[in-house]
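Below: one protein chain in two forms, given as structure tokens, structure 1 then structure 2.
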Structure 1
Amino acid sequence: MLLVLVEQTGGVASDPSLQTLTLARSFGEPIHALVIGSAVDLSHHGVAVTHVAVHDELDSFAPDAWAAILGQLADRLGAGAVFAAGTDRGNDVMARVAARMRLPLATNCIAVAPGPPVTLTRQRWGGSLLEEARLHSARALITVAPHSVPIEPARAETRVERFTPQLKEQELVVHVAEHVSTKGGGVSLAEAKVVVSGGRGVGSKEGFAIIEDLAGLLGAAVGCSRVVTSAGWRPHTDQVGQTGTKIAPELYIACGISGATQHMAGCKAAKRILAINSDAEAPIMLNADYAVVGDLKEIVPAISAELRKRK
């Protein structure tokens, strides 16, 4: 049997966790799920048993405690493999499980097949490169790259079992003590329908005025490349890419951005990409759907003017 850690908010499983359940089913069955805190209905996702860990100290996230619970449950059930989503929390908790149990962990997998040895394909460079690998272990620890596997529902008779885990004091040392809300106004980059981004070609902090104007007309969020954040023209929260934000808008407008793989790792989930670049041979031309060749300082204001004219 396989054990899958399912993340949730308010009783609803996260999409990356449901994607993980889908991939886990292709690896083997039956599937047991672990949820922490409150129960989640997983009967449409092929889960035979949902284990609900309930504990007074688990109201706030404590990664070592989660790892202890997941590891103990895997031992009790004799799980042949343990899966989690390759989210910040999923990767964190699974690495702690790997450390506690002295087992190898393969993160951000997009395909897995049972072994021995387990064979898998995992993402490198934020998904710009793939690695085929073998995992030599009696119990495979695997995280699944978010949004790399479509969710496939499967009906099941799901049994729910509540239990109270035994936790040691040291497993609660690292815990969320406080949540500070930083939600500002404006459109969130990660969720925007349209993102207008500027790169080195924008030339300066002030140069972003035309980018902001176009974004305002489209109800879009403003993004940027790493060159821009390193220069201090925009805050890092605006950076799109492997070490910035990963976005999935309907349209991504990349102005004066060359299309380095680390930048594209952040916007490859965009439905369509429009590149505005003075270099017709820039690498982004091979990753974009539409292109306008020329100086963004003329093109971007012209697009804004055209939008205003038609309003």
Structure 2
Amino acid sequence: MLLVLVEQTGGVASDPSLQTLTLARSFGEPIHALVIGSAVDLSHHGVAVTHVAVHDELDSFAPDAWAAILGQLADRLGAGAVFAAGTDRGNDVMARVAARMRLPLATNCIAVAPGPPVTLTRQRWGGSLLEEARLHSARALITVAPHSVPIEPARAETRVERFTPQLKEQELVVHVAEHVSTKGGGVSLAEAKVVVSGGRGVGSKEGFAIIEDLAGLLGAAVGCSRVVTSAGWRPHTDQVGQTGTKIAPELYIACGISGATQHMAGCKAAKRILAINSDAEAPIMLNADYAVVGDLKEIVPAISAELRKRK
């Protein structure tokens, strides 16, 4: 039996969690899912039982509490493996679960096969290297690299079971205290269908005005490269990359971004990449589906002007 931690927002499961369910089914069945707070319809994703943890103190994310709940449920069910999406939250919780159980954790996996030992393929070095590995453990603890596995529906008769976990006071000390709304009409960078990003080539904090203008016309989220956050032009929450947010939009427009490995690790799952750069030899040009060589300060406003004409 396998247990999968499913992240959700407003009763809707996140795409990385649905991708994790797809990979978990290749490992074995039946699939049990843990959801914190609100029930989620997982009947189209091969889940036999959805366990919903309900607790007065779980209105916000609390990693130690989530780890305690996941560990307790895994023990109660006798789960042979525990999966979670390799998101910031998923990796955080699973690292704590591994520490509690004193077991190894395999992160950023893109393929798994049951054992013993469990064999798996992992992304390393920002996805530029694939590692074939064996996991020797009494219980396999695995996170799945986001956007590395396509979501494949699987119909199942899903039973929903609610329970109240037993939590210690110290497990609730670390928790999310506040959510700060993002600019751009609240479009989430991780979930946006279109992302417009700026890099060093934008030139300054004020230079992002044309990036924000184009994003607004496209209903897109605004992103940036690491050098931009290091310069203080944009907050870290806008950063696309290995140490920022990993995205998978339908279209990614990269303006003045060279395309270092760290950045490409964050946007490699984009369906289409449009690169605008004055350097025709920039690394991102090799990864782009469409490339425009020129001054972004002329090209981006020209795109915005054309979009306004067509509206």
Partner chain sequence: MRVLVCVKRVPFTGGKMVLAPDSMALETRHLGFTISPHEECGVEAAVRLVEVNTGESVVLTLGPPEAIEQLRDAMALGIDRAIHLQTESAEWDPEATAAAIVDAIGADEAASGPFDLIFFGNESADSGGYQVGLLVARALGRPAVTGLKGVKVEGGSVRCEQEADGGRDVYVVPMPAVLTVKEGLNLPRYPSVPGRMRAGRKPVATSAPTQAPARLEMVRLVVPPGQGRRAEVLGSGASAAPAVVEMMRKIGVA
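Only the largest set of C-alpha atoms that superpose within 1.5 Å between the two forms is called the rigid core. By convention here, residues take numbers in order along the sequence of structure 1, the first being 1. Computed from a prediction, not measured in an experiment: that's the story for all the values here.
K.L.:
Mind telling me which structure is the form predicted together with the partner chain?
P.N.:
Form predicted together with the partner chain: structure 1.
K.L.:
Return yes or no for V300: a CA shift of at least 2 Å between structure 1 and structure 2, with the rigid core superposed?
P.N.:
Shift at V300: 2 Å or more after core fit.
K.L.:
After the core is overlaid between structure 1 and structure 2, has the C-alpha of D59 moved by 2 angstroms or more?
P.N.:
Not so; D59 is displaced by less than 2 Å.
K.L.:
Taking the rigid core as the superposition reference, indicate whether the CA of I36 shifts 2 angstroms or more between structure 1 and structure 2.
P.N.:
Comparing the forms between structure 1 and structure 2, which are aligned on their rigid core, I36 does not shift its C-alpha by 2 Å or more.
K.L.:
Relative to the superposed core, report the C-alpha shift of K246 between structure 1 and structure 2 in angstrom.
P.N.:
The shift comes out to 3.8 Å.
K.L.:
Rigid core superposed, I'd like the Cα shift of K205 between structure 1 and structure 2 in Å.
P.N.:
Displacement of the C-alpha, rigid core superposed: 9.1 Å.
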